[in-house]
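Just the one chain here, the form predicted on its own, laid out as structure tokens.
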């Protein structure tokens, strides 16, 4: 995907075993289904890293513990940790997380994407960029960025 690797030899972790989701009991047809941390994690865990053939879960860029969900307030926050402090792909990773959740969650949810405190040299700038609607919209008008995001979000059959 990228010619010069920022982190040529990342540590690869084992994926967590997928847990079966419990089926809701006698739900009304038009009832709002609650969303929890596990469901959000299941949506984002398989996103591929822009530089490596590994998922964000395998690189521990994203963990289930780094996801906060307030279903009553329709709010989701994901805090991700780039593999290196000067990761040039941090904004792409955050954009992938945002796009995946925009495509997966009901529109009532406000999504907040953050870099873990102290994990990136430009933490404040990355956070500002990832949570500014106009900047995100402008990024998604760039066909090259959209192609990169789509490639990261494409399903892998491993």
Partner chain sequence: MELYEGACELKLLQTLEGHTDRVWSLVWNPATGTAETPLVFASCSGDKTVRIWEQNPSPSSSSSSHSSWNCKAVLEDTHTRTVRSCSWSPSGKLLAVASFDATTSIWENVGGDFECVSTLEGHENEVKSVSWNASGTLLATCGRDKSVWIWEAQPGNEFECVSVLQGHSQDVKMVLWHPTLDVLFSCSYDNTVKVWADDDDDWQCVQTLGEPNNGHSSTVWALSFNKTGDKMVTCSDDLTLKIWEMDSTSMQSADGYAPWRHLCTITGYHDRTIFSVHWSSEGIIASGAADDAIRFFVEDKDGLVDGPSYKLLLKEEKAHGMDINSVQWSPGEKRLLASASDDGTIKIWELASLCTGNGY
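All figures in this text were calculated on a predicted structure; none of them were measured in a lab. Numbering follows the first chain given and starts at 1.
Missing here is the form predicted together with its partner chain; even so, the following discussion is about that form.
Undergrad: Sort through 121, 116, 125, 101 and report the residue having a heavy atom within 4.5 Å of its partner chain in the predicted bound form.
TA: When its partner chain is considered in the predicted bound form, the option within 4.5 Å is 125.
Undergrad: Within 4.5 Å, heavy atoms only, which of 36, 65, 33, 132 is in contact with its partner chain in the predicted bound form?
TA: By the 4.5 Å criterion, the partner-contacting residue is 132.
Undergrad: Is there any non-hydrogen atom of residue 150 lying within 4.5 Å of its partner chain in the predicted bound form?
TA: Contact with its partner chain, no.
Undergrad: Even though its partner chain is not shown here, does residue 111 get within 4.5 Å of it in the predicted bound form, heavy atoms only?
TA: Output for residue 111 is yes: heavy atoms within 4.5 Å of its partner chain.
Undergrad: How about residue 11: is it within 4.5 Å of its partner chain in the predicted bound form, going by heavy atoms?
TA: Residue 11: no contact with its partner chain in the predicted bound form.
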